[in-house]
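Take a look at this one chain, the form predicted alone, written out in structure tokens.
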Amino acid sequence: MKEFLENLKNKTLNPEAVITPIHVEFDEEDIPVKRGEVLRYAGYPAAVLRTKGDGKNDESYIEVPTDEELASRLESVVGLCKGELTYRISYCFFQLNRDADGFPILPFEQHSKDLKKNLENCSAVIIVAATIGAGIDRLIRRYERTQVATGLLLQGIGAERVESLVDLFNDEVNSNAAEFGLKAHPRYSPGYGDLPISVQPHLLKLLDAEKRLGITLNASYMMSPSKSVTAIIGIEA
């Protein structure tokens, strides 16, 4: 990543370079569970209390469940997921050009005004796919019919885990970009605004995601494993 960003900064990118996806895996310990986010994704938006935490600075905060029974169930679900999830990402870089109407030219056809706005002033993009694997889907199927509350919390922790994985990667992009005086834009995913979800096959093919991450699509462009995310991150020089 740093080599690409340095070349982008120095305007020494080779426009004919072959784009090869990079595959990385993170450890579970690298991504602490945000319990407040789990509860919100599970449909408990008012069930957390924001309180002073014990982080590395005085302004750190944690979110804790307000109900003891819910807190206990949540910890059980966190325990169920231990060792069952993988944290894998594929990503690649593209130098960005624009067509006559100012739309960014990507390796797939699109005319999204929202993506155009998101990538304003960007000279490159990082395309990324992330997944926490099929283990969470197996757990959800096991519990969603017989233990509905547990099933909901598993849905919530699955959503929180994959979003936290992409956030961790995005933080690395932000940090590396800043090192070279560059700026990373907020990530943007198919299905948001007017960027159609039908671009998913193109992103996954670019990233060799079926082979490397085990991500496949159904006829409605929904990904399996279900807790998977694709995104485009603009880099402004």
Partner chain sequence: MNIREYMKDNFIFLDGGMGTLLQEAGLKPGELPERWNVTHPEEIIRIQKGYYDAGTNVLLANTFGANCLKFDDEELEQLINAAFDNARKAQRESIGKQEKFIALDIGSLGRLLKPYGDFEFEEAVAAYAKTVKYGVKAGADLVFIETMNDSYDTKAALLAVKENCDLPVFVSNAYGSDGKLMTGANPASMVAMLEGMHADAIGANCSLGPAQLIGVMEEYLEYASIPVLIKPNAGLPRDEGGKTVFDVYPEEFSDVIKTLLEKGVRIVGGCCGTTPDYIKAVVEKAAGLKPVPVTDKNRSLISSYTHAVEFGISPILIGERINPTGKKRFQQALRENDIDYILNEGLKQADAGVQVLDVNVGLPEINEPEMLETVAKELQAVTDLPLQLDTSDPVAMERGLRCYNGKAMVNSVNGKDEVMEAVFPLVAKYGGFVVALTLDEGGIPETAEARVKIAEKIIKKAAEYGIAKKDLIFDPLAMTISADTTAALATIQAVHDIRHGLGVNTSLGVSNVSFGLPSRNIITSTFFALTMEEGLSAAIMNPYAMEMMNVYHAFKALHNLDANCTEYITYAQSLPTLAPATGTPTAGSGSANTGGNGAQGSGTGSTGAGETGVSPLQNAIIRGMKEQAGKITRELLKDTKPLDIVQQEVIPALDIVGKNFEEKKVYLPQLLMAAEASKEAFEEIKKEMAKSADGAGPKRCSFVIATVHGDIHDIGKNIVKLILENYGFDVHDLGKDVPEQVVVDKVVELHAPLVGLSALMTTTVPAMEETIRLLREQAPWAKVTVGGAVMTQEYSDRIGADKYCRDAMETVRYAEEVEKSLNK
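Residue numbers count along the first chain shown, from 1. Source: prediction; values computed, not measured.
Just so you know, the form predicted together with its partner chain exists too; it's not on screen, but the next bit is about it.
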State the residue from 114, 75, 137, 163 whose non-hydrogen atoms include one within 4.5 Å of its partner chain in the model of the complex. 137
Among 152, 96, 81, 126, which has any heavy atom within 4.5 Å of its partner chain in the model of the complex? 152
Using a 4.5 Å heavy atom cut-off, which of 115 to 123, 98 to 106, 129 to 137, 163 to 171 contacts its partner chain in the model of the complex? 129 to 137
Taking heavy atoms and a 4.5 Å cut-off, does residue 86 contact its partner chain in the model of the complex? yes
Partner proximity in the model of the complex: residue 186 to its partner chain, non-hydrogen atom cutoff 4.5 Å: no
Partner contact for residue 23 in the model of the complex: its partner chain, 4.5 angstroms, heavy atom: yes
Just to confirm, residue 182 within 4.5 Å of its partner chain in the model of the complex by heavy atoms? no
Any residue of 184 to 208 that, in the model of the complex, places a heavy atom within 4.5 Å of its partner chain: 197, 205, 206
